[in-house]
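Starting off, we have a lone chain in the form predicted alone, written out as structure tokens.
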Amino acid sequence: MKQKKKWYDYLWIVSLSYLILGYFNILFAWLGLLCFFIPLIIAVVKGNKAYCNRYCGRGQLFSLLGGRFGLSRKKDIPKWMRSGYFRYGFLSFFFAMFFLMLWNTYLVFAGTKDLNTAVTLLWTFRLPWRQAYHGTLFSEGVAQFAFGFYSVMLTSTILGLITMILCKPRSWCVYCPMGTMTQLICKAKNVTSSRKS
């Protein structure tokens, strides 16, 4: 018997809409912070990875494209990508890039650097994204953060799509920095809970 779909089964629409909206107006990139904080809050409060397993629209999008639309080779992800060395190494690299983005944002807020209206893809390729910036009532630092955060979100989506095509649909989830972070939080929470009992 086919299971009835729940509201959260359609969150892939939110992930897709986010990428589209950010193309037309970069300030929508701020909405991506929800995908940053909600998984962490769930992990801290509940001590589980419910966001990754149920609410992650990006994972759903990969499942849809790779599964239903057959865009995946459906091969096992290589062992080295599942290893702790790779996952924690990628998390560290991701954090370094994230803090570099925050530093650039700070410099624009401080007025020591001009706004850069480009999206950096795979932390290397600069794409002009001027069509997405129409000015802001706030400091240009607000827009700089949006350009940087959208770069992070678009880069991670492209990495996920490449992994989806080469391996199983949700292979990105194996080394997703957010998944690794929530896993660490859950482990720490479970260790703390077991000590108390």
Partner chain sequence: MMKRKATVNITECVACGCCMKVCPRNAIGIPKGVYAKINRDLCVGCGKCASECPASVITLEVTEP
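Positions refer to the first chain, counted from 1. Here the structure is a predicted model, which is why all the values come from computation and not from measurement.
Keep in mind that the form predicted in complex with the partner chain is missing from the display, and what follows is about it.
- For the three residues Asn25, Arg126 and Ala146, a heavy atom within 4.5 Å of the partner chain turns up in the model of the complex in no case.
- With the partner left out here, the partner chain still marks one of 127-135, 53-61, 147-155, 26-34 in the model of the complex; by a 4.5 Å heavy atom cut-off that stretch is 53-61.
- In the model of the complex, Lys113 stays away from the partner chain, with no heavy atom inside 4.5 Å.
- The closest heavy atom approach of Val174 to the partner chain in the model of the complex falls within 4.5 Å.
- Although the partner is absent here, Leu16 sits far enough away that none of its heavy atoms falls within 4.5 Å of the partner chain in the model of the complex.
- At a distance threshold of 4.5 angstroms between non-hydrogen atoms, Ile77 is in contact with the partner chain in the model of the complex.
- Looking at 81-111, the residues that come within 4.5 Å of the partner chain in the model of the complex, counting any heavy atom, are Arg82, Arg87.
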